[in-house]
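Next come structure tokens for two forms of one protein chain, structure 1 first, structure 2 second.
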Structure 1
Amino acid sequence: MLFHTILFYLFSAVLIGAALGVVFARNPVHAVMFLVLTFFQSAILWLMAEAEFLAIVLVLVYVGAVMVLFLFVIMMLEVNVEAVKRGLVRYAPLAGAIAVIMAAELVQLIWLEGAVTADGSFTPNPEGYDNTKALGAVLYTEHVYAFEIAAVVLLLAIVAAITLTMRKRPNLKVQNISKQIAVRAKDRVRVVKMDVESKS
């Protein structure tokens, strides 16, 4: 158990350090990489709490997809660091308030609702417990309507985002790829048979 505790504090320290790095890094690309590290460390903490499905999905969705796009956008835009820094002071009270609310919610959930046993540890999962299966079983039975509605909302968001960025320009020359692929050699090359010409 001691080993577990040491690992927990080690990963938590890296997590907090990385989270501070996100805020204080001068280079926006560094800040994004710190955010990636933050996500990764929280995934590890979830793994240690035996929530392997959530941990892996966090890495898969946030680190593997969302942050890649984030990095992409930040690399393309020249972000003005000084302007962002001025925002830091302005938005700090709001961020602090949100942090306090979240901390209060965590305390309420963990201590007051009794998810923690008397000696301060979580109740261990029974042998052979499958996190993924348990989550799926609840998601597709009890919460199936909420799940479906969330899926439809996301689909709508995808369609909306694509329609917003799609614009038709007149006189735009585009390639018709299926037509290009369907081309055969005999459509393009004509072999002409002719007699040898003699010098005259």
Structure 2
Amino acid sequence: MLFHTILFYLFSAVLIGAALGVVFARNPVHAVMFLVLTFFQSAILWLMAEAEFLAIVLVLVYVGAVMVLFLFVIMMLEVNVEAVKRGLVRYAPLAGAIAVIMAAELVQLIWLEGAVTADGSFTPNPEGYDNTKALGAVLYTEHVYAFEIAAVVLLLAIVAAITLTMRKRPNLKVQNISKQIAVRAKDRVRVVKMDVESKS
């Protein structure tokens, strides 16, 4: 298990470095790229903990969708990087306290609750264990009402977003598909014949 432990600390170091890159990067696009690397390293650590479903969901949902959305928003909006950096020092004590609390909770979860064995590796799952199947069995039995409520809330959010987008606004240019199809080339293009001019 020595190689397993070495890989864990190696990936954890890359994860911490990428997280620091998110905070201290001057370019917002670079910060998003560091955040993608952070999520990817977290997915690798979940794979090492035999949580394949969470790792795949993290890569597909956050890296594949949310981060692309963040990147588009950052590139389309004019982000005042200097104003954001000035607020970094002001919120640094609060962020440090939250980080210490999270680290203490992780240590308690891993070391005090017996999530790792004596040699420092994660407790192996029994033969034939499938965490995706176990998660689905719990999600659709014990927490089925909470799952349905979350689905309804997400549906309402989608409907609200579409309603806000499709509201009538002045000077809004919209497409008229029937007019685009019915257009004729002679109405849009005019060929002009000109005499050839000779150089004297």
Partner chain sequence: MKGLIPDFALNIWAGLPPMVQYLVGTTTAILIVTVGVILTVAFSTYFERKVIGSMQARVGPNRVGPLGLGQPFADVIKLLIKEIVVPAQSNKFLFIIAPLLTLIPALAAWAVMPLFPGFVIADINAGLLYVLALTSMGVYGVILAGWATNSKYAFLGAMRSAAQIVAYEIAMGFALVGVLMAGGSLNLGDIVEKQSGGFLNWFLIPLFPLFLVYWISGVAETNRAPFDVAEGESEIVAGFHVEYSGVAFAIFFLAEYANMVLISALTAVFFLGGWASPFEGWTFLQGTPLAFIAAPGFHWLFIKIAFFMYSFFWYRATFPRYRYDQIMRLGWKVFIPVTIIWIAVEGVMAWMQVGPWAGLGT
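Structure 1 provides the reference sequence; residues are numbered from 1 along it. These numbers come from a predicted model, not from an experiment. By rigid core we mean the largest C-alpha set that fits within 1.5 Å across both forms.
Shown as structure 1 is the form predicted together with its partner chain, with the alternative form given as structure 2.
Val183 is among the residues whose C-alpha shifts by 2 Å or more between structure 1 and structure 2 once the rigid core is aligned.
Core-based superposition between structure 1 and structure 2 puts the Cα shift at Val192 at 25.8 Å.
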